[in-house]
Ligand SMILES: Nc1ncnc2c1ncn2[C@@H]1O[C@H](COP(=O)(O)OP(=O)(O)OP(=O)(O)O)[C@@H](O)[C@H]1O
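Given as structure tokens, the chain that follows is alone and in the form predicted alone.
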Amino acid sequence: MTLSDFIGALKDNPYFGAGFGLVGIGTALAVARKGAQVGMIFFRRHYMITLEVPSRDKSYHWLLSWITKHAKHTQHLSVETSYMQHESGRVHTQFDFHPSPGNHIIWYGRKWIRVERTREKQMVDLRPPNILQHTSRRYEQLDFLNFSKISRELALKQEEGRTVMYTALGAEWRPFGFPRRRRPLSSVVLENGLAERIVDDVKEFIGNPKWYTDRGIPYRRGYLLYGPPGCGKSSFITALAGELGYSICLMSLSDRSLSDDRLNHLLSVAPQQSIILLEDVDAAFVSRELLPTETPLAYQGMGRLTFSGLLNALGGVASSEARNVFMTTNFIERLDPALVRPGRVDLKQYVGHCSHWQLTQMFRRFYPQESAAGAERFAEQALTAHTELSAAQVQGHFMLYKTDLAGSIKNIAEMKE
């Protein structure tokens, strides 16, 4: 039997014909599927453009807020629970739903937008950073700019009139809680002329970067507020940020995970228009002169951050510029002279116990209906009963007698220490 006769016999077999047809259909479907995949790849490479936004980028949170607002019908959501404390002290639990990692299709501006949220596999810290990918047609790539501008305007509108608090997490700054309402500068009563002096100095520094550049001086400024606890140091810095429209970056030098390199990096990548706040710096490092020579390791602090690393980050060769750093301490005598020298601390200001003038101003703020003479009498009686009064003590006393002016004056002697 020849080869042609064998093939002819196979064709005449009904079972072979059916199998050959099924194989042909399967092959055609595989070819079609492969062609569709190749066509999609070709289309995306030549006619589509993708914008990738990592979570460390400033615009990431803007875009995520915009997507949360417009992706109302997505099937994949993540919940974020937060607590908000009202001025009355009542705590309110709030649940926010964000699009979870995955693909989301959004209809906006008479077109479909595909957004993919993924997690990076390489994790630097405990929270893996996210990535947002926005895909659209290539000839509409200018929409990326408009898309980012709209997201930014939406985010800034949510923060309008509020102070954003940042905290250091890993190698980046992340918003801490919800933006809080700006505290008026007038709500913090310091000694007469003290607040104005600091505010004028900060504004002069912010408004004259060229002055520093022309003279070859590093464009940075450090402030140290020191004095007894409860006298308004941290409250004033919060009100100052509200006055300037700045955010606040909170950093703890006692963090055991804080190293020299990480501190230097965080100071260099701090958000623009922000105040870097280092509270209670004496708790992390004390003066070398106050430590016994037999325990030199105690001077190195509690974590991996060294004192020399702190000095270099604040005023060394590798320290960043264009920043405002505020430090607070209750015991300035515990600080090493190298930490508070000019260049690292350019303005030191004592914030002490309430003076006669402060007491009168606080009294009139809480009881505006009372006369100036009544405020004077209250200040005299308070200083007679107590030699030293902090602003926190006086405010706590007024809170006990919010609607009882007579009781506030009558019980001055019982003001809590």
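In this text, residue numbers run from 1 along the sequence as written. Predicted model only: the values in this text are computed from it and were never measured.
The following text describes the form predicted together with the ligand, which does not appear among the structures shown.
In this form the binding site remains open, since the ligand, overlaid from its pose in the model of the complex, puts no atom within 2.4 angstroms of a backbone or C-beta atom. Taking the partner from elsewhere, no residue among Gly309, Arg341 and Arg344 has a non-hydrogen atom within 4.5 angstroms of the ligand in the model of the complex. Lys233 belongs to the set of residues with a heavy atom inside 4.5 Å of the ligand in the model of the complex. The closest non-hydrogen atom of Ser187 lies within 4.5 Å of the ligand in the model of the complex. Proximity of Arg183 to the ligand in the model of the complex falls within the 4.5 Å heavy atom cutoff.
Taking the partner from the other structure, the ligand in the model of the complex has a heavy atom within 4.5 Å of a heavy atom of Pro228. None of 27 to 35, 61 to 69, 386 to 394, 367 to 375 except one has non-hydrogen atoms within 4.5 angstroms of the ligand in the model of the complex; the exception is 386 to 394. Scanning Ser274, Asn103, Ser252, Asn330 against the ligand in the model of the complex with a 4.5 Å heavy atom cut-off leaves one residue, Asn330.
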